[in-house]
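Okay, here we've got a single chain as structure tokens, the form predicted on its own, with questions on binding and movement later.
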Amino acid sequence: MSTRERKQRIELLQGTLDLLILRTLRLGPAHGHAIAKAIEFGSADVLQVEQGSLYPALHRLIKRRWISVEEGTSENNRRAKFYRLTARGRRQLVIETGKWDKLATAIGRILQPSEQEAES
């Protein structure tokens, strides 16, 4: 990745990483590295999840019982922790997605005012 591409990456708002992890795990269990890569790939490499942010977020989600964890073997035959979305986490994903949609709509209204406002 070039220096220019790194500069174009966007830092995540607080709480956004939790939503992205929940959404990623909706597809099935995954280990930490796979979660980070799925978020990066899904954002066309705009979002980069650092280990220093990912693992505290995973621990927070476990504590809230939105995800569970179990030991397993990764695709490269190494021991790994696999995270799985719980039923409680699925419900929370719906709630968090709704909150995100409201926030994005509100910000969009401010950034792109109506034609009446633009004319005044």
Partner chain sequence: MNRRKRMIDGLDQEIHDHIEREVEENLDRGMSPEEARRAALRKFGNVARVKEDTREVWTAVWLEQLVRDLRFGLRTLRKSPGFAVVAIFTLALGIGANTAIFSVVDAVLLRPLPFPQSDRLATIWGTHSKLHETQRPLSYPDVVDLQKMNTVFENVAAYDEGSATLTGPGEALHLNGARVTANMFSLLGVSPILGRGFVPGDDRAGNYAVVLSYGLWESQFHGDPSVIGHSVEIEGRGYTIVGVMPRDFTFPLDSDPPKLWITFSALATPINGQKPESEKRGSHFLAGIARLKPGVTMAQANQDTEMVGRWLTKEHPDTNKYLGLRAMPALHALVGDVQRPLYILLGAVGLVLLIGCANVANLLLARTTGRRREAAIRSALGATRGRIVKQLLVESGLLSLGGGACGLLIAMWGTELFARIGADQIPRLAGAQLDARALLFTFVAAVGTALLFGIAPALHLSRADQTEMLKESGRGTGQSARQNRLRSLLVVSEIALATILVTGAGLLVKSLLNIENVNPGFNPHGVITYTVDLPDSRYPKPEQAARFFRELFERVRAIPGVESTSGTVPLPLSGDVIRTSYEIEGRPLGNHDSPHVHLRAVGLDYFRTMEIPLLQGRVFNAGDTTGKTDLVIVNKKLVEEMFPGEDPIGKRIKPGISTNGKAPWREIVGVVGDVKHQGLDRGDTPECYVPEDQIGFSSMSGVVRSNLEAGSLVPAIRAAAKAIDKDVPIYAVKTMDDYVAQSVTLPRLDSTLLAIFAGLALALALIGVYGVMSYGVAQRTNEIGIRMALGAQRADLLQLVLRQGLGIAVLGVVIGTAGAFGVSQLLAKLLFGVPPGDPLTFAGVSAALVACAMAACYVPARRAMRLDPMTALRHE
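Residue numbers count along the first chain shown, from 1. Just so you know, these numbers come straight off a predicted model, no measurement behind them.
There is another form of this protein, the form predicted together with its partner chain, and it is not shown here; the text below is about that form.
When its partner chain is considered in the predicted complex, residue 32 lines it closely, a heavy atom lying within 4.5 Å. Its partner chain is not shown here, but in the predicted complex it comes within 4.5 Å of a heavy atom of residue 56. The closest non-hydrogen atom of residue 65 lies within 4.5 Å of its partner chain in the predicted complex.
Residue contact check for residue 85: none of its heavy atoms lie within 4.5 Å of its partner chain in the predicted complex. When contacts are defined as a non-hydrogen atom within 4.5 Å, all of 36, 60 and 81 contact its partner chain in the predicted complex.
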